[in-house]
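In structure tokens, one chain follows: the form predicted alone.
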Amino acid sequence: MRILVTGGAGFIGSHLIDRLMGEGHEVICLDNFYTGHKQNILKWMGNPYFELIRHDITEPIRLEADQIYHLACPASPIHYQYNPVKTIKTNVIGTLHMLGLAKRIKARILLASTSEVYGDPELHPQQEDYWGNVNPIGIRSCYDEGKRVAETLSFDYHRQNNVDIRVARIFNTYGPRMLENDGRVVSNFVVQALQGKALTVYGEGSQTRSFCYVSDLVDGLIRLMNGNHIGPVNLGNPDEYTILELAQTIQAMVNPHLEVQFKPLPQDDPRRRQPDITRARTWLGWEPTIPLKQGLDLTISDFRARLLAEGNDLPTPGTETLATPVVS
């Protein structure tokens, strides 16, 4: 098939493109390189079945494709809060353009939505029929509400214009090619640990998250796209960890001598986040297969290689002159 991936040079998008190219599809990667990097898709440059287009989806574009994976949008708080108006324009206007394109060319479109549509959930774990608890005027709402509107648009295009849609609600995903400065908890901890710095935990670290390795997520996206169910479908790892547990795990894997520092909790930071993946198991036959420590090992190796390639002088574990660890 001829498949369009918006945000294809990003973390998840580039892993998805690897899978699609490996399966023999023709792939068009659309990216404005706000958070994406050419390095992520460099190995496909020059391949006759791969095409890269630098484009911002807040502007219309005309292309031909059989399927559209719509992933384009900054997904980490640091990046989506840097220009919140741009973020909500990407989610709303960009999604309108992609749905309009899907309507014109009769393509199936998968919207990469997010667990952030549940906000700071009062239901735990989160099921797809839960409507969420979102602050509509908070600092995260450009992303939270933006994705909620993107889902609304998708279902309205489906009901009104018979557009063939799929909606995935993606929970915390990690793995190689994550941005070093994206402010997400896994990348924060890994980079800090490799650089011999204290690990920064916000609040008491009792808030929970569920971490899905990127190859598992990509498998779920492809199954949803090619299955018969519209969604929304939660895609994430149902194993729940506190942020402090994650910090201690990475601390033990990289350098047990590191300190853990506690800082105030950011506004509207969700207290608990765990997917109910009953739909994914039932509809798609999907569930994660990569355990956290295995995925972290692969992620840490990738970050170490990139930091060294950038000329960073990484300390040898145990040589830092840090204070006595706050946690063991």
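No experiment lies behind these values; they were computed from the predicted model shown. Note that residue numbering follows the sequence shown and begins at 1.
One more form of this protein should be noted, the form predicted together with uridine-5'-diphosphate (UDP), which is absent from this view; the next part is about it.
uridine-5'-diphosphate (UDP) in the predicted complex comes within 4.5 Å of a heavy atom belonging to Gly183. By the criterion of a heavy atom within 4.5 Å, Leu42 is excluded from the residues contacting uridine-5'-diphosphate (UDP) in the predicted complex.
Although the partner is absent from this view, Asn83 stays clear of uridine-5'-diphosphate (UDP) in the predicted complex, with no non-hydrogen atom inside 4.5 angstroms. For Gln127, no non-hydrogen atom is located within 4.5 Å of uridine-5'-diphosphate (UDP) in the predicted complex, even though that partner is not displayed. No residue of the trio Leu194, Thr249 and Gly295 has any heavy atom within 4.5 Å of uridine-5'-diphosphate (UDP) in the predicted complex. Segments offered: 159-167, 197-205, 252-260, 131-139. Contacting uridine-5'-diphosphate (UDP) in the predicted complex at heavy atom distances within 4.5 Å is 197-205.
Here is the short version: of Ala107, Leu153, Ile88, Ile243, the single residue with a heavy atom within 4.5 Å of uridine-5'-diphosphate (UDP) in the predicted complex is Ile243. Shown here without uridine-5'-diphosphate (UDP), the chain has only Glu116 in 106-123 lying with a heavy atom within 4.5 Å of that partner in the predicted complex.
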